[in-house]
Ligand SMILES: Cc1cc2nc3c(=O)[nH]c(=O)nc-3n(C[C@H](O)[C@H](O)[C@H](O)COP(=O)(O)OP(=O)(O)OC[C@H]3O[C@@H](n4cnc5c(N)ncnc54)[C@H](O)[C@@H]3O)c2cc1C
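Before any questions on binding or motion, here is one chain by itself as structure tokens, the form predicted alone.
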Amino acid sequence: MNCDIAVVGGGPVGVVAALALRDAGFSVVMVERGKAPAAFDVARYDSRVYAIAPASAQLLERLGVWPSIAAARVSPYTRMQVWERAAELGLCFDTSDSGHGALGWIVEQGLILSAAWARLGSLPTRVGVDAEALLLPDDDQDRAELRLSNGEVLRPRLVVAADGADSPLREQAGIETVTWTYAQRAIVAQLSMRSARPRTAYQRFLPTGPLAFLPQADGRHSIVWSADSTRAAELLAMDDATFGAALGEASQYALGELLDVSPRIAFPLRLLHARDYHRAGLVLVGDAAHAIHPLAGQGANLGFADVAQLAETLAAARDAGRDWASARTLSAYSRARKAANLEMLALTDGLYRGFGAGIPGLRELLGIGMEAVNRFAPIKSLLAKQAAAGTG
């Protein structure tokens, strides 16, 4: 089957890429190895949530995804409090700093998937099917060849790899990565705190890793507690009462005491960046191109920014009469996104290493720096606007 573009991966970034490229006028087929997502159940809360920046929300709005999300459940946050030494001395953002009505929205992964998949309509999909082999175009063939596990062969001009940090397509194309594993695990759970301020996100930098509280629509918070492996194992083994005491101490009781908590789950953390974002007939988006520490909450936003840039770049080349799948066009996309993504990777990795470093006085110096930024309005406003843009 011939098509303009095959998108491999039906996660949040992949399905949004399929929608954006279809709406840009390309014929698209989406391939997803897993099942289609179930309809979103408003009676349950996902443990996995995303902090959606205004730029990402605008993309989802343009694609017709955001209205379904907003109608189901979103939690805007209008204030963010970040500290190291003491909550009252840390860095505080609010909507006056960013210039938006909200700094962002906390949205569950399952809701994004359900709403985005519902917008696919008649877009051809191959579900429960693996992309087993990729043959890139050469001088004799201007189309890629994608062999699927169901025996079908797709022949697109361009394959979009949205198949995750362990991207098989990236590996088949021989694209190398810079990667390392942090000696940390991220613990996630849903919980209620006695004195949490409404519509406020909190984050404290600890020697063993950052602790973030993301506000939910029902007044609860989703936490992401990144801790070194030893501490993470201890936290996972605790009963709820002991965990609540540890959480209160770690947050300096800025949100009060723990009232209740869901079962805790954890996943390992790593940094990854592809040395190249494209090959002839192939382009990487989302985690296939980059994976970052979650301390800044920007992973999904970087992926959505990739999608927006890719759709814009391809459509502009086509409308100008140029070959939209050429190396020149794909290089333009890569240059634009590498700069923003590397900036955010460097920032998150630097914060992780700075606050976790055992260098005497360094953590204290960084904490003092946050306090100074909080008092200097121009820098504070700039940081808030960058976070709202979802690009770092």
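These numbers come from a predicted model, not from an experiment. The first residue of the shown sequence is 1; numbering continues from there.
We do not show the form predicted in complex with this ligand, though everything after this point is about it.
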| query | finding |
| --- | --- |
| 4.5 Å heavy atom contact, D130 to this ligand in the predicted bound form | yes |
| Touches this ligand in the predicted bound form: A300 (any heavy atom, 4.5 Å) | yes |
| Partner contact for P124 in the predicted bound form: this ligand, 4.5 angstroms, heavy atom | no |
| 4.5 angstroms heavy atom contact with this ligand in the predicted bound form for R62 | no |
| Contact at G9, A51 and V224 by this ligand in the predicted bound form, all three, heavy atom at most 4.5 Å | yes |
| Interface segment, criterion being heavy atoms within 4.5 Å of this ligand in the predicted bound form, picked from 180-188, 227-235, 312-320, 256-264 | 180-188 |
| The unique member of P76, G248, G164, G110 whose heavy atoms fall within 4.5 Å of this ligand in the predicted bound form | G164 |
| Partner contacts in the predicted bound form for 21-36 (non-hydrogen atom within 4.5 angstroms of this ligand) | V31, E32, R33, G34 |
